[in-house]
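Shown here is one chain on its own, the form predicted alone, set out as structure tokens.
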Amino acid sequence: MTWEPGRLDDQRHLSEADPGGMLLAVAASAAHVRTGYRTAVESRVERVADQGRPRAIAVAGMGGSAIAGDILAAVAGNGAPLPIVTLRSYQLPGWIGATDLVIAVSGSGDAEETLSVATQAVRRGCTLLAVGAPGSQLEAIATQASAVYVPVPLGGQSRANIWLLTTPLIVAAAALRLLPADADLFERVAKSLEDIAHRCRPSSESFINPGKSLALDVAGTVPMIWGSSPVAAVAAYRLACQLNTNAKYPAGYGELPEAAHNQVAVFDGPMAERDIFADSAGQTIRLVMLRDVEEHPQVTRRREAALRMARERDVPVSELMAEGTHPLERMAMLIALGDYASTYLALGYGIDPTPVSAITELKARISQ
């Protein structure tokens, strides 16, 4: 597999190398927000507030479905009056009980880890909210427990349906008065995603296309992706995961200030060295900084210092700044740019971004 930047502006290649339609799936994000909101309202997710506010919220999911919990926690922010945790496992923690809300999210509706947690939640008497495919095993569990189920019309890979899966959680949180979110907010988010889709469209050339530009930056490097706030950190994690699954590409992520206590040491390591006399460039790290308008003052100081240190050591740097007044808007923008960049990186290497054969093989091996 070789990196050929010219592929990113070759319309025929972008079409033929993406038979699964990952670019089209990313471009559908705005429609997914609107559909997710409508489906949540039609499913009456506000019923989760009938018993009052829970003691805690646990969101169970795996892969692209699990990030819905991370988004919910980051959007609710430090002002949330209760803890919100994401569970990526088979087990429901022992401290979760009948006064808590468990949200089970599965794009397929059949993820065995999520089904296990949902079943345990019902047995413990927890309030259950489930989001997934219609007619799935998850829906059967929710229906038997008389729980709220949101049947979202999914298609393709779950990781491409992030907003279909996440939007119902934000609607539920608004019903619980954990955060402000109304129809106007979701429409603003959808319009922002439409703007990103226009700017990152395949016909837009690399020098003005932010998705292609980030792919060009990352190619040939090992990206360290940092977020400067909880909102930006979720987008950083999402970008790392999308680089893994779409481009089959290694990436690390971190959140400031924590990354300044460990990952910054890599600036003095072997992958930060650059031989200006070498015939070809070797592998090097790249710092990708995702910035948010809401940063703790001390985090801002650390971010600025880390960027100066990277540049002084000739470590290449990319910066992306979130835009929007609501944290959901800002996160959606950063996630969309990362989704496009990871897809374009795959296509630049001649890789089909949709299949994840290694994941499929691993599932097959453990099911035997």
Ligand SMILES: O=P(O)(O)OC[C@H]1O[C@@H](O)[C@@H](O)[C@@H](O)[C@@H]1O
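Please read all numbers here as calculations on a predicted model, not as lab measurements. Numbering starts at 1 and follows the sequence shown.
The same protein has a further form, the form predicted together with the ligand, not shown here; the description that follows concerns it.
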Problem - The unique member of Gln263, Thr284, Thr119, Ser108 whose heavy atoms fall within 4.5 Å of the ligand in the predicted bound form - result: Ser108
Fill in the blank from the handout: Exactly one of Ala30, Val48, Ala310, Met62 comes within 4.5 Å of the ligand in the predicted bound form through a heavy atom, and that residue is Met62
Practice task
Answer with yes or no whether Gln157 is in contact with the ligand in the predicted bound form, where contact means some heavy atom within 4.5 Å.
Solution key: yes
Problem - Contact label in the predicted bound form: Ile359 to the ligand, heavy atom within 4.5 Å - result: yes
Exercise for the section: Give a yes or no for Arg365: in the predicted bound form, does one of its heavy atoms lie within 4.5 Å of a heavy atom belonging to the ligand? Expected result: no
Practice task
Please name which of the stretches 294-302, 108-116, 196-204, 216-224 has residues with heavy atoms lying within 4.5 Å of the ligand in the predicted bound form.
Solution key: 108-116
